[in-house]
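In structure tokens, one chain follows: the form predicted alone.
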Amino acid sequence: MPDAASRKVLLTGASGVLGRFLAVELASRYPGLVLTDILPFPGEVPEGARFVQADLADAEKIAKVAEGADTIIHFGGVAVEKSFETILPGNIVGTVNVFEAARVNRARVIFASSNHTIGFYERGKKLSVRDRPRPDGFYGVSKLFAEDVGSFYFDKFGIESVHIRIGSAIREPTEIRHLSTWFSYPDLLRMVIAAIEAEKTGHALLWGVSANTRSWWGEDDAARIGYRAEDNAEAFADKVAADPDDPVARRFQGGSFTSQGYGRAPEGKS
């Protein structure tokens, strides 16, 4: 991989909450950073970066925006649970367009996957990235689709990708669940930089979580990219509020996503 000053980095989803954070932090490190989103960039574009408005579902436009990129940080798409029809263009079609652009440019993809790929595991269950996925909605299914697309593009074309199963990427934990799922902004940035600069990644799956004492997530491919989390949600344990009074959300790791449209009968009943 080239050195930082000569890397050509593209960030999708740049107008979102995490995208804006990464745009500011990465612009000074990677000159010529290209930002894209279906929505206009809010505020001023960071110095040293440029913004191109584009729809992920538009293959021709994404191919043009990605020209010359050696790294694509893919944080674009629908970021909450929605109908399949809403999820489809950005998260399914758009992901294929991004990986196809990566194939053409021989670029590495760093993908914002999600803990909602495993949301229906019960809280307290310690997981490896090798455990069977249990998505909690169409959003989680779309993230699993992208992980599989990454596997396919690596096996067939040699395109490397790092898939970050993001937990709760917020400034500070606000509820009990976050003491297990919190992913601090500094740890997020460190992980993305490590994924960009690793010599080789293959097809890697990482838990996007800080070094939380109460974490439910363990074995992953973080060592492959030379990354180690530094922050711990336990520092906020005496400040967080109780989780919402929702028995389904309180039962499962995916929290409120699991209770949206939940239709299973209670155990022991048909």
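The first residue of the sequence shown is number 1, and the count goes up from there. The structure presented is a predicted model; accordingly, all values stated were derived computationally and were not measured.
Absent from the display: the form predicted in complex with a small molecule. The rest refers to it.
Although the partner is absent here, residue 105 is not a contact residue: none of its heavy atoms lies within 4.5 angstroms of the small molecule in the predicted bound form.
Using a 4.5 Å cutoff between non-hydrogen atoms, residue 149 does not count as a contact of the small molecule in the predicted bound form.
Remark: residue 114 counts among the residues lining the small molecule in the predicted bound form, judged by a heavy atom distance of 4.5 Å or less. In the predicted bound form, the small molecule sits within 4.5 Å of a heavy atom belonging to residue 167. Per the 4.5 Å heavy atom criterion, the small molecule in the predicted bound form is contacted by stretch 77 to 85, the sole one of 155 to 163, 124 to 132, 77 to 85, 188 to 196.
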